[in-house]
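A single chain comes next, written as structure tokens; it is the form predicted alone.
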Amino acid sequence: MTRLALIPLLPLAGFLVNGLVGSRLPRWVVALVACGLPAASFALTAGLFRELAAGGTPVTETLFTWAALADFRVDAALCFDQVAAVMCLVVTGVGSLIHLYSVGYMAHDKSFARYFAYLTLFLFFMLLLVLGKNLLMTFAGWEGVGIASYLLIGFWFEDGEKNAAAMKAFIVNRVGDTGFILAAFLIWFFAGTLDFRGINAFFAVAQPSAAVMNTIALLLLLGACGKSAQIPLHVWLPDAMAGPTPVSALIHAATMVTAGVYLLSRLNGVFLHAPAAMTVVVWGGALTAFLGATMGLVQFNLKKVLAYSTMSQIGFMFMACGLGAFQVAFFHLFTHAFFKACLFLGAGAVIHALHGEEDMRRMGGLAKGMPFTFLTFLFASLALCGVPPFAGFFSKDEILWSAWSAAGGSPALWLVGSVTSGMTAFYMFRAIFLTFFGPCNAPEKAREGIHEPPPSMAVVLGILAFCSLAAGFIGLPGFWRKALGFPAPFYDFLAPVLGHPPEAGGAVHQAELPLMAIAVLAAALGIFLAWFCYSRRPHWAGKLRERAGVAHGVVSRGYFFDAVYRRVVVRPADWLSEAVLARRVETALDAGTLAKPVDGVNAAARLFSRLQTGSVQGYLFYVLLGLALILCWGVTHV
């Protein structure tokens, strides 16, 4: 077995060990298996990455033939190219850190082994998704992460609310998956292959009509919107915060929610030849980024603030994809994994210290009792806000620059992105001032137990905070690359698969530095307003909510997406299933397919039971009668 196959199989082995016998093993053994095998997978990934970065060729491996019918053949095959390498580093690296963090966070949970079994199962399916050489393998991982996320979100299944959140995430994702399946059928019909390289190569030289290309791209976009929580399929993401906080960090920071960005980038050959669909991608991403930021402004649940932030940042990535800057989208995916995981795990440390409290109004003053956690949370927040020299500045600035300078960009698109960036800074520092500054509003019992997280959690926070600061330097913006002569190793590495970021020239290029300064000023203004409203003049926040009136109510209720779906989809579906299908269709089908055969069997049983009289003479008569019938049949057919 090669190193490539071992990358996903090692987490699968962890799932089997902890899932089958973990409840009978000591906790330290469960933790060793759960942390050691993903770490080994990361080490294998790093080794293959070094070889690829040194000029090696992509590694492929065919495990077995999945299906072979006439001209339809699909192999269970893996491919480790530049795009898969970046995704695998993120999934295994951040995933291993979250496993280590979970050892401390879940130390007292009664289902310790089951939790780690689900976590490693999720890692296996996510690696299968990104390493799949064709659409069928990717779809197997795509569905697998849906199942694993359902198990993790509903981990505390005794709570009905958490079960409902898990079911909601599962069902909404199935809506998106329908688009994925239909797109795969159309791709096969026109291209005759499900292999990613073959698909991109075919559509590069032999595109069908524009209507067909846009239909395929929009169906793929529907699947991507489901996984990546983009409007209108974003409604599952805030409720998914019901799971343990490390689960939120794994699913909603580095892995599952970025699957949509991965799919768009992997099939860039399709999208680049579907201009109408690209317009939908870019403006859909911009709208998601903007609305996600506005919803983050009014939340008081710390994890939900981060959830809406994730939705907004994935919107930025979709914007970049819609502009054809797939490399830039991938760079923001890479940096986002570090600072958003750090934020979720920092929130987990706060919640852990306050015995499960998530409402920021019942926090405050925690910077004194948790200075290390505060510092890591601050670093990650500065990266998210796009403050230099933190990682988010480099990746987000490239997206905003693409929004201005790319062929599909415009000043209006750049303005939406810049305003969203300013709102991001406001709601993140609003969370910081409510959580870490001001008077402590925590319950009396919680105040006595405020403490820094244990070493297994603190080490992870420190590593992620450092990466939130340093990760951006591997992809400097175009202005700095030209002015300082620095390379951009991240973009150079991805170039064989995704090409280089489009470079602007002339007068357009001269606008990059002023636009960069405006973006930084927008972030600074957001931070200043948050300080003024929640630290300097905290009573102003309540007055602003009152003056906002109806607008605040609309935003705080998530623009009524859930209410509309409940009225338009859920209630009619309930009525159709109960009043029509259950009472009329299903009852008639039961009578025809189940009741009638049962009645027939009962009648036959009663008939034959009457023949069982206990009389030997009667039995001999039946034997002779049977022999006579057999002889008659034989004579007539000779």
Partner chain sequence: MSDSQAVRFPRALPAVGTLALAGSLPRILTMLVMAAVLVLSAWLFRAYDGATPLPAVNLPWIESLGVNLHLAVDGLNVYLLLLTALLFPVVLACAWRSAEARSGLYLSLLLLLEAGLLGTFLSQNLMLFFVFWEAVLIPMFILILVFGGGEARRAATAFFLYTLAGSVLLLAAVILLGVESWRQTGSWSFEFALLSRLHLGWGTELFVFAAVVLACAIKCPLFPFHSWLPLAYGEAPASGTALMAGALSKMGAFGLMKLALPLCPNVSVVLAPYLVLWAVGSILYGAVAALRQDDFRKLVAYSSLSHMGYIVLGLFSLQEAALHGALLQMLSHGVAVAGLFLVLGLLEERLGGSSRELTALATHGPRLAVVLMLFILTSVALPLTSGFTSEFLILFGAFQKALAAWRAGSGALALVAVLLATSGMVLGAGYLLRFARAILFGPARSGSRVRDLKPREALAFVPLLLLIVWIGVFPAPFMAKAQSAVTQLTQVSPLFVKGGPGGISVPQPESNPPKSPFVKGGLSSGNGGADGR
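Positions refer to the first chain, counted from 1. The term rigid core refers to the most C-alpha atoms you can superpose between the two forms while keeping them within 1.5 Å. Just so we're clear, the structure is a prediction, and the values are computed from it rather than from any experiment.
This protein has a second form, the form predicted together with the partner chain, left out of what is shown; the following refers to that one.
Novice: At 4.5 Å by heavy atoms, is each residue in F122, A488 and V520 next to the partner chain in the model of the complex?
Specialist: No residue of the spot touches the partner chain in the model of the complex.
Novice: Given a 4.5 Å cut-off on heavy atoms, tell me which of 453 to 461, 67 to 75, 392 to 400, 550 to 558 is the interface stretch with the partner chain in the model of the complex.
Specialist: Of the options given, it is 67 to 75.
Novice: Just give me the single entry in W414, Y534, F190, F196 that has a non-hydrogen atom within 4.5 angstroms of the partner chain in the model of the complex.
Specialist: Checked against the cut-off, the match is F190.
Novice: Quick check on this chain: which one of R174, K543, H500, R447 has a heavy atom within 4.5 Å of the partner chain in the model of the complex?
Specialist: Comparing distances to the partner chain in the model of the complex, the residue within 4.5 Å is R174.
Novice: Give a yes or no for L594: in the model of the complex, does one of its heavy atoms lie within 4.5 Å of a heavy atom belonging to the partner chain?
Specialist: Judged by the heavy-atom cut-off of 4.5 Å, L594 is in contact with the partner chain in the model of the complex.
Novice: Would you please decide whether Y565 lies within 4.5 angstroms of the partner chain in the model of the complex, comparing each non-hydrogen atom pair?
Specialist: No, no contact at 4.5 Å.
Novice: Flag S577 as yes or no: does it have a non-hydrogen atom within 4.5 angstroms of any non-hydrogen atom of the partner chain in the model of the complex?
Specialist: The answer is yes: S577 has a heavy atom within 4.5 Å of the partner chain.
Novice: Does the partner chain get within 4.5 angstroms of any non-hydrogen atom of L218 in the model of the complex?
Specialist: Outside the cut-off, so no.
Novice: With the partner left out here, which residues of 154 to 179 have a non-hydrogen atom within 4.5 Å of the partner chain in the model of the complex?
Specialist: F157, E158, G160, N163, A164, M167, F170, I171, R174, V175, T178, in sequence order.
Novice: Given a superposition on the rigid core, I'd like a yes or no on whether A54 shifts its C-alpha by 2 Å or more between this form and the one not shown.
Specialist: Moves: no, less than 2 Å.
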